[in-house]
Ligand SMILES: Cc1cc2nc3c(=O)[nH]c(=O)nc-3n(C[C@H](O)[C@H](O)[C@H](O)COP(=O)(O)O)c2cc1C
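The data below hold one chain only, encoded as structure tokens and taken in the form predicted alone.
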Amino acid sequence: MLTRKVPSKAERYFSTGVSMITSTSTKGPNIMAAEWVMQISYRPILIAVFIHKGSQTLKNIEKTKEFGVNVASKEQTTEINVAGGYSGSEIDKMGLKNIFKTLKPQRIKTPMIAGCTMNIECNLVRKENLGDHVMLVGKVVHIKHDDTKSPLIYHKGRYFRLGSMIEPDRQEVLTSKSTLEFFKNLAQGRFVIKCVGVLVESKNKVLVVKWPKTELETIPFSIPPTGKNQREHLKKYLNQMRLDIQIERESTMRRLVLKNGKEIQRINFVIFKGKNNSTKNNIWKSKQDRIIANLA
């Protein structure tokens, strides 16, 4: 029950979605509210539900080997309060026709709840006792969602709705069209380019390289393959570029969004400071350059 007394106020600072778990028994369908519901695998799609020991829902699922996960929408605070505020031994909750509107399931026998952001039909594949709850893992056999519905959020014993989207904090850098196109070509459609580079400074200037077939000059950087150690990748890249630079172990990160008109490209730069061991054929550029100024 969502109104249970918790041992510590700290526990109430978790923020979760809220779902209604449907199940069936010989006495008919039942419903309960659950905060602890999460997807734990993509292939196959697995959903974990944590249910208090001794609940009627747990008994139903153990017997039928199936259950429904109905992710509540922001309009369903009444349904959640009833599902979480009463036990199946007290009242036939699903029989309250002015509270719960049901949907016919597609792959299981347990009814689903109308008006939710998601309706997920599951077959039980694993059960495990964890503390004072039981983890039930269901393999999804049918899933559907409603784009017009926004999920309900539970925090500090109260319900909330999603607000406006928060754009991750990035430094905006106005660039030329050619510079933006250069980085968008590097991105190849990726939302964020993950780069690793070296910053070598001398007398308020920064060591740069000129990219072939362009006029663009930047600090030496590369795009490492996923999963590769970025410092080791950078060392190999500098060696291939015949740049005799000694790089430090500590790094910083610069999160930029390059912008030209309405076009943007997000970039994460992992930056290692370096020491130049060669004085020939080097290009040095002022720190006042827009991109370099945000990397130095």
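We number the residues from 1 along the sequence you see. All figures in this text were calculated on a predicted structure; none of them were measured in a lab.
Below: the form predicted in complex with the ligand, not depicted.
Stretch 23-31 is the answer when you ask which of 259-267, 238-246, 23-31, 40-48 has residues with heavy atoms within 4.5 Å of the ligand in the model of the complex. Comment: the ligand is not present in this chain, but in the model of the complex one of Ile80, Leu136, Val198, Met112 has a heavy atom within 4.5 Å of it, namely Ile80. Using a 4.5 angstroms threshold between heavy atoms, Arg231 stays clear of the ligand in the model of the complex.
In the model of the complex, the ligand lies within 4.5 Å of some heavy atom of His52. Interface residue remark: Thr175 is not counted as part of the site for the ligand in the model of the complex, having no heavy atom within 4.5 Å. Remark: Ser87 counts among the residues lining the ligand in the model of the complex, judged by a heavy atom distance of 4.5 Å or less. Residues are counted as partner-facing when one of their heavy atoms sits within 4.5 Å of the ligand in the model of the complex; in 141-165 these are Tyr154, Tyr159, in sequence order.
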